[in-house]
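Presented as structure tokens, the chain that follows is alone, the form predicted on its own.
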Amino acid sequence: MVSSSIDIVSFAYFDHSFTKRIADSVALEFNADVQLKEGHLDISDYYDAPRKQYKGNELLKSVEKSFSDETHKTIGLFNVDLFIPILTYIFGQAYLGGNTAIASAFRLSNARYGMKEDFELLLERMTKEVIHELGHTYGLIHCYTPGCVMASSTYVEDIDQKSTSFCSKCRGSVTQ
């Protein structure tokens, strides 16, 4: 991978060990210097009351405007239910080939689906989502290679089928 600098900005309460383990995985996958930061946004303006969800497009724009610049990649971590107008919900979103992305843990927890909570599984899912969205910032599109972290994920079970790594084709595209 091309070495770069990545900021992971938490906009929700996540245990430090949770975000640190995500940052360590991101640093390894991207061969990047990763900084953990805390961010504060009043996200109430992005709440869509009829849907009881938050507008992903608007949150992404806000993170880009207030926390990102051209010198590094930035991903904002949230724990709210995100959507975009054409989808019922999303796990994350990024500017393709840009510098900013967002990801949310809201729909990644087993408890959301009436199952026993599993911290390690939540961590794995969030790590995959963060790497996936950051992959988009490096210009990667959805991949059809089984197990590639860049595979599209419509359901949380789709995330479970992926690894935390890029396939050889995606890895090669990022290093070009």
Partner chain sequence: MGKKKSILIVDDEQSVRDSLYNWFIEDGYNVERAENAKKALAILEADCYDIVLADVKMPGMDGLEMLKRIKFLREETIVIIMTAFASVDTAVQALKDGAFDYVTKPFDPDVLSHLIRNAVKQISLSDENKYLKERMGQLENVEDMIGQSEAMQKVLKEVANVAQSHSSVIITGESGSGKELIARAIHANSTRKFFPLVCVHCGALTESLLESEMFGHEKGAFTGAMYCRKGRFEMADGGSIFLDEIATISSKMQVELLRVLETKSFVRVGGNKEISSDFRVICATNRDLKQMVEKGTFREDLYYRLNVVNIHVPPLRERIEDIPLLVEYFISKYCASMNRPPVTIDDSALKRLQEFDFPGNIRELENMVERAIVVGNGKKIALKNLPIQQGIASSGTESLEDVEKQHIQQVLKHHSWNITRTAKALKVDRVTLYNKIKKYNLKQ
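Just so it is clear, the model here is predicted, and its values are computed rather than measured. Positions refer to the first chain, counted from 1.
Just so it is clear, the following notes concern the form predicted in complex with the partner chain, a form of the same protein that is not shown.
The candidate stretches are 36-44, 114-122, 64-72, 51-59, and the one lying within 4.5 Å of the partner chain in the model of the complex by heavy atoms is 51-59. The partner chain is not drawn, but in the model of the complex it has no heavy atom within 4.5 Å of A105. Contact between L28 and the partner chain in the model of the complex is not found at the 4.5 Å heavy atom cutoff. Although the partner is absent here, T154 is a contact residue: one of its heavy atoms lies within 4.5 angstroms of the partner chain in the model of the complex. Not displayed here, the partner chain is kept clear of V80 by more than 4.5 Å at the level of heavy atoms in the model of the complex. Residues I84, P85, I86, L87, T88 are the members of 63-88 with a non-hydrogen atom no more than 4.5 angstroms from the partner chain in the model of the complex.
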